[in-house]
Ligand SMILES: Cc1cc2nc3c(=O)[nH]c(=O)nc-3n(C[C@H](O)[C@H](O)[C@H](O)COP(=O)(O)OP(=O)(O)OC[C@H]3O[C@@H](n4cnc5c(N)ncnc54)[C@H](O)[C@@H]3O)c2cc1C
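To begin, one chain is listed below as structure tokens, in the form predicted alone.
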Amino acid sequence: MKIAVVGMGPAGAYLSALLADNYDIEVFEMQNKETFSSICAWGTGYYKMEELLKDVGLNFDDYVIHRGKELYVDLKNRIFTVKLYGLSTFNKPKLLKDLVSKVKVNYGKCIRSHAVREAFELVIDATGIYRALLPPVEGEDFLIPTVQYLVKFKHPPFDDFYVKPFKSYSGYLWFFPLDNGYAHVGAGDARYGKYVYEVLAFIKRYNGEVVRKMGRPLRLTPPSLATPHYINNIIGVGESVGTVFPLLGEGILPSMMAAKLLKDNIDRPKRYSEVLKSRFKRFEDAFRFVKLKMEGRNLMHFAILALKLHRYFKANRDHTGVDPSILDTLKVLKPF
């Protein structure tokens, strides 16, 4: 079977690696090979990533930059720490390139028409928020704008991960450490629009030097609402079908996990769609929580939702990378 994978993010690259030995794979990536990079903060859960990469013959330790121990959480300038469980930053661009080393990659190719359908038996839409080949999301599609800077610090303000949630859980500011004084500093904010100011103020406060600016919106719509997942011979995977955990804005591992689900159901799109919604059902609770908080509603069922989300964190700490106590969860989810 000839398969086109459009998009070389975590979902597209990992799926290509999973299918490389049994299918004729061709990848289309809009960035140029020489300047190829990745916008996100390069943070993910060590243990789940280690497990997934073993399936394609790669060792995650070859890519890890910083392995965290504690997460600093800043609530109204009161900082407390949450225990981490393998949350790490890693060389994401290098990993993505290595994942597609066994297949043909067409760099600098922006595929936005259905003409590609005629040349391939199956087309994978791994284009993230753009859904370049799939139809638009049915109903409301919830996107949150973000900005991020690669920053060089002479004296980094934190020796580990740091986040500052915004009012009504409309977003948060992050500091993700890299190496040699570098860090990714960014923020997303769906409601108040002050996230760029917050990030620049943080960088100025700690005498950081901006090396590069990047950023794009994130899709927080969960898989159950980010439909359709397929049409004709086009199937979506990753953020194009909603695999970003709404509370954290993290989509690397969920997107790779979705790729594995697609690999196991490559000729059964309906079954894939059902399994996708089932596997990420808890994303619905997180999405509902975030929406209610942003709308300023009084959460009568806050404790119930918080308990469900806490159970999710504990059960999935291998890929969230965090291991909060129930009190930690309640404090982090409450702002303000």
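Note that residue numbering begins at 1 and tracks the sequence as displayed. Bear in mind the structure is a predicted one, so any value in this text is a computation, not a measurement.
One more form of this protein should be noted, the form predicted together with the ligand, which is absent from this view; the next part is about it.
Trainee: Any of the heavy atoms of residue 6 lying within 4.5 Å of the ligand in the model of the complex?
Mentor: Answer yes; at least one heavy atom of residue 6 falls within 4.5 Å of the ligand in the model of the complex.
Trainee: Decide whether residue 157 counts as a contact residue for the ligand in the model of the complex under a heavy atom distance cut-off of 4.5 Å.
Mentor: Contact with the ligand, no.
Trainee: Going by a heavy atom distance of 4.5 Å, is residue 170 a contact of the ligand in the model of the complex?
Mentor: Output for residue 170 is no: heavy atoms all beyond 4.5 Å of the ligand.
Trainee: Are any of the heavy atoms in residue 110 no more than 4.5 Å from a heavy atom of the ligand in the model of the complex?
Mentor: Yes.
Trainee: Name the single residue among 208, 86, 222, 128 that comes within 4.5 Å of the ligand in the model of the complex, judging by heavy atoms.
Mentor: Flagged contact: 128.
Trainee: Specify the contacting stretch among 73-81, 252-260, 135-143, 197-205, defined as having any heavy atom within 4.5 Å of the ligand in the model of the complex.
Mentor: Result of the contact check: 252-260.
Trainee: Does anything in 6-36 come within 4.5 Å of the ligand in the model of the complex by heavy atoms, and if so which residues, in order?
Mentor: Read in sequence order, the residues that approach the ligand (within 4.5 Å, in the model of the complex) are 6, 7, 8, 9, 10, 11, 12, 28, 29, 30, 31, 36.
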